[in-house]
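So this first bit is one chain, no partners, the form predicted alone, shown in structure tokens.
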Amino acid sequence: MSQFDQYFLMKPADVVDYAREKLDFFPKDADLECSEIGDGNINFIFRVWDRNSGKSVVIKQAGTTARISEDFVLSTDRNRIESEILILEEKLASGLVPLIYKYDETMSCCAMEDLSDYVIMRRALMEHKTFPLFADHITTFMANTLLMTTDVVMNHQQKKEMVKRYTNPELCEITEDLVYTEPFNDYKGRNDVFPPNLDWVKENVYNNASLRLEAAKLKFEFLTNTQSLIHGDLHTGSIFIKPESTKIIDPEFAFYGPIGYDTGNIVANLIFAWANGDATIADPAERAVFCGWVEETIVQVVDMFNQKFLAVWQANVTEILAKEPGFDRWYLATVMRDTAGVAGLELFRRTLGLAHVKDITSIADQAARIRAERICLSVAERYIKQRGEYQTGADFLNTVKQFAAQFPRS
């Protein structure tokens, strides 16, 4: 009998024992140490290393509730989904995700490549570091993993089996509540609005009937569009990065949904990085360098994704009607429309909802934070209401610059 024959939530000492017993990774005489390294909202993440060799591994375990709130009761099956998705993504976009060494159904945990020599992208962007290769890396990842799992490429029956296998109801419900519903009405009372902006939010968001109508349309598109196997939580907190390499992590929210959900999240989180730099970098020249890089990256992410998406399409399309001239560009235009809508949703929910981003909450100066939030929320409304007008990187960026000028610095 092993203590790991029945599920329990592990502590660091248990993880050391688990690594010895269950992983064929360390030598028998390894001097193992473990620490918890996770700071996310959902799971427990541990790093185990051998003091002798320095060899290390990350072990991630799923709990039965979210760490952010015990209101979210979750299936531990999400760890299976994450492990299988990372294995698939490595095949489709090699080198852009961590390697999976083991998935343990009983303990609802997986062992994966240790990325300790990388940094979380959100943290790096808040230190105003730049990564010139990021746009190329993330667009390769998105074009390959998203289009290759659609009906455009896959056998339709196989794709339907994938839809069943990666149904993810508990985590989808979190998205449905926190992204698509609560930011626009706070009907559960869980929103966390920056008090100096509360009256502005009530007037411009909660009492904005036309905005709520568009949010409702987007929600029901999300509920019913099994377009592609999406990451489902693709933001700068789910990316490890260093100058020469990018690794996308944490696809536990993965399921079959709209492609634009992933692409829109990337655009929105780059805007948060821009807003932080714009609000916190005192020196105008330094601010121009960092914010200029983010602006260029927003444009590159959209335009490079469009180019790569069409190239992957031409190389891999199997559906006969998808080969009709012009269909690829029509399809891509719908993805860009969804990208704008989701970028707006993410800007709303991370500013007003339960799960904020530190890009915004770390802005210490009250006036600067008020301005940053109002820029983000105004951009968000425009993206959502006029989402069909966004097709190029310049389209997305011009809206940010327009509202930045509309809200002058105090």
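Quick note: we count residues from 1 along the sequence shown, nothing fancier. This is a predicted model, so every value here is computed, not measured.
Beyond the structure shown, there is the form predicted in complex with a further copy of the same chain, which is absent from this document and is the topic of what follows.
Taking 4.5 angstroms as the heavy atom distance cut-off, pick the stretch from 243 to 251, 145 to 153, 284 to 292, 269 to 277 that is near a further copy of the same chain in the model of the complex. Single hit among the candidates: 145 to 153.
Taking any heavy atom pair closer than or equal to 4.5 Å as contact, tell me whether E324 reaches a further copy of the same chain in the model of the complex. Heavy-atom contact with a further copy of the same chain at 4.5 Å: present for E324.
Does K91 make contact with a further copy of the same chain in the model of the complex, using a 4.5 Å heavy atom cut-off? No - in the model of the complex, heavy atoms of K91 and a further copy of the same chain never come within 4.5 Å of each other.
Does G189 reach a further copy of the same chain in the model of the complex, with heavy atoms at most 4.5 Å apart? Taking the distances in the model of the complex, the answer for G189 is no, it never comes within 4.5 Å of a further copy of the same chain.
Is the gap between Q300 and a further copy of the same chain in the model of the complex 4.5 Å or less for some heavy atom pair? The answer is no: Q300 has no heavy atom within 4.5 Å of a further copy of the same chain.
Contact at K164, T224 and Y331 by a further copy of the same chain in the model of the complex, all three, heavy atom at most 4.5 Å: Every residue of the spot touches a further copy of the same chain in the model of the complex.
Please identify the residue among K202, K129, R123, R212 with any heavy atom within 4.5 Å of a further copy of the same chain in the model of the complex. So the residue touching a further copy of the same chain in the model of the complex, by this definition, is R212.
Consider the chain as shown here, without its partner, and state which of L310, L133, C172, L198 has a heavy atom within 4.5 Å of a further copy of the same chain in the model of the complex. It is C172 that has a heavy atom within 4.5 Å of the partner.
Can you tell me which residues in 246 to 266 come within 4.5 angstroms of a further copy of the same chain in the model of the complex, by heavy atoms? Residues within 4.5 Å: none.
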